[in-house]
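A single chain comes next, written as structure tokens; it is the form predicted alone.
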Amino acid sequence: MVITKAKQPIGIFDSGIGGISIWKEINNLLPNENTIYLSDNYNAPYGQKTKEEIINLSIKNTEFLISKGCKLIVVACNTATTNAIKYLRDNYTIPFIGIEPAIKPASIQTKTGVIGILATKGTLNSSLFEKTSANIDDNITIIEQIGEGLVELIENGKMHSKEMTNLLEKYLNPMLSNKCDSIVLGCTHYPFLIPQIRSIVGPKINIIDSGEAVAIQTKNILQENNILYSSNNNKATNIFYSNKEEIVMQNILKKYKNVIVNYSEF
């Protein structure tokens, strides 16, 4: 029974392609695990939606992944985690792993005492984010910045556009002016922008995302539930579902083997 359960896939969902940054870390750490990724591009971005809308979309995504036999679900979306993961954990028996901005590591690593948070409106306005940031040392200054427009540009394949550069400069330069030395990426889409961010902030600023930590937590939860698939003989299958155009997703995943990209009206 345990062996059969272990062979079942890890489910991952996001409002779009951003969670692929999380999938990459999970795939690197657990290459034998089968995965199913759900990209809700049609409803992206979640950051501008109400809490009720985010919960309803998260329920829909969860039901889809459960119907595909997933053994664990990674909510690879900061906005969905901060607004919906409590509801999901209260109403489903499957294990959930969430993702939220890595404020604590940034607060520990900062030398200037100033950290920046680049995130969606939905994440920054959530009660979970408020609770997390309230636990940070009072001597730490947190500069919050809504990354309005960034997700839309990424979803439309405009990661390297002039429009993207202009938005990033607009959002990041005030952080630099206030002596920020650590920038937390509070949306799973944003790690795709690290090269552009680095070109703006320079080599000394610490850029922090949660991908590796989420992968480690995924492995821990799989082990705790005795559903880690440890066989080295497994040729893992990684299936990606999108409910909009798949071309941007295909471009991001083209270097990976054993990847199947499907269109689905979920």
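Since this is a predicted model, take the numbers as computed values, not measurements. Residue positions are given as counts along the sequence shown, with the first one as 1.
There is another form of the same protein, the form predicted in complex with D-glutamic acid (DGL); it is not shown, and what comes next is about it.
Between the options V151, I73, C180, A106, the residue in contact with D-glutamic acid (DGL) in the predicted complex by a heavy atom within 4.5 angstroms is V151. Proximity of C187 to D-glutamic acid (DGL) in the predicted complex falls within the 4.5 Å heavy atom cutoff. With a 4.5 Å cutoff on heavy atoms, F240 does not count as touching D-glutamic acid (DGL) in the predicted complex; it lies far away.
Of the candidate stretches 130-138, 170-178, 77-85, 108-116, only 77-85 has residues with heavy atoms within 4.5 Å of D-glutamic acid (DGL) in the predicted complex. For the partner-free chain shown, P45, Y46, G47 of 32-68 come within 4.5 angstroms of D-glutamic acid (DGL) in the predicted complex, judged by any non-hydrogen atom.
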